[in-house]
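Presented as C-alpha cells, the chain that follows is alone, the form predicted on its own.
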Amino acid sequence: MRDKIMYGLGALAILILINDIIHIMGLPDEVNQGAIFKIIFFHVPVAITALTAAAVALIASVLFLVTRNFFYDALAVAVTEVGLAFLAANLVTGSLWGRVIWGVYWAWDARLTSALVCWLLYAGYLMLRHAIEEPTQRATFAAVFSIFAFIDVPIVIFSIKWWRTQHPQPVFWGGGSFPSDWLPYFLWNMLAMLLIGAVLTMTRLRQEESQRELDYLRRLAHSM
C-alpha cells in the first residue's frame, strides 16, 4: 500500500512539474528583473518545503522524547535529510538569482546568513548521529539537537522583517509584487515540491526502518 501511495504521489508531482515548466517557459519576462525572476517558481517552493521538513523533524523529535518510540526518531532523520537537500537547492537558486540581480552570488545579509546557518545546523544534526553508536543515546541527543536547531527557522522566516537586508521582501506577505496570472503556476509548483519532499521522506524512512531491523538482527546474532 505504501508503495502505491509513493508511486502515485511521485507520478503526480512529475506531471505537475512538466505541465508547469511548459507554461512557465511561455510566460513573459518580468518587467524589472527579466527572465531570471521566473526562478521564484522554484526558489520559494523549495524553501517552504525545507522549512516544512524542519517543522516535521521538530514534532517527531518531541514525540520521540515523550514516547521513546523509535519510529519518530526514524522519521526525524529521514525528513531532516530531505529538508537539508531542499534547503541546499534554495541556497543555490538564490545565489543564481543574486548573481544576476545584485552582481554577486552571495551577500552576508540577515536572510542569507540565517539560511546558511540553518543548513549548517541540520548538517550538524546528521554528523551528530554518525558520531554516536548506541541507538537510544543517539536518538535522544539527536532529538534534543533537532529542537535546538529549529530555533533558527523563525529567524530565517522573519529576518527580513527584523533587520535591514538586501534580500527583497516576500511577495505575498511583505509588500513585494507578483503578477497575479502567475499565481496558479506558483501554487502548483509549491504542491509539486511538497509532494516530492513527501515521497523522498517516505523512501528514506523505509531505508531507515530496514537498516534498524538489520542492526537489531546483527546485535541479536552477536549476543547468541
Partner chain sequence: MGFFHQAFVITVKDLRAELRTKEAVNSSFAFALVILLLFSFAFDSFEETTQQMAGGLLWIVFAFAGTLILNRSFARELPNDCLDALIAAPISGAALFLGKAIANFVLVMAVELISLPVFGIFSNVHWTRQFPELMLVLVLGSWGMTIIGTIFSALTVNIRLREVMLPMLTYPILIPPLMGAMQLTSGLVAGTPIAPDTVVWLKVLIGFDVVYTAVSLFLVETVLVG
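Being a predicted model, the structure only gives us computed values, none of them experimental. Numbering follows the first chain given and starts at 1.
FYI, the form predicted in complex with its partner chain isn't displayed, but the following is about it.
K.L.:
Taking heavy atoms only, is D109 within 4.5 angstroms of its partner chain in the predicted bound form?
P.N.:
Heavy-atom contact with its partner chain at 4.5 Å: absent for D109.
K.L.:
Any chance V156 has a heavy atom within 4.5 Å of its partner chain in the predicted bound form?
P.N.:
Heavy-atom contact with its partner chain at 4.5 Å: present for V156.
K.L.:
Quick one: does I160 come within 4.5 Å of its partner chain in the predicted bound form, counting heavy atoms only?
P.N.:
Result yes; I160 sits at the interface with its partner chain in the predicted bound form.
K.L.:
I'd like to know if L65 sits close to its partner chain in the predicted bound form, meaning any non-hydrogen atom pair within 4.5 angstroms.
P.N.:
Output for L65 is yes: heavy atoms within 4.5 Å of its partner chain.
K.L.:
Every residue in A55, F70 and D73 with a non-hydrogen atom within 4.5 Å of its partner chain in the predicted bound form?
P.N.:
No: none of A55, F70 and D73 comes within 4.5 Å of its partner chain in the predicted bound form.
K.L.:
Can you tell me which residues in 125-144 come within 4.5 angstroms of its partner chain in the predicted bound form, by heavy atoms?
P.N.:
Residues within 4.5 Å: M127, L128, H130, A131, I132, E133, Q137, T140, F141, V144.
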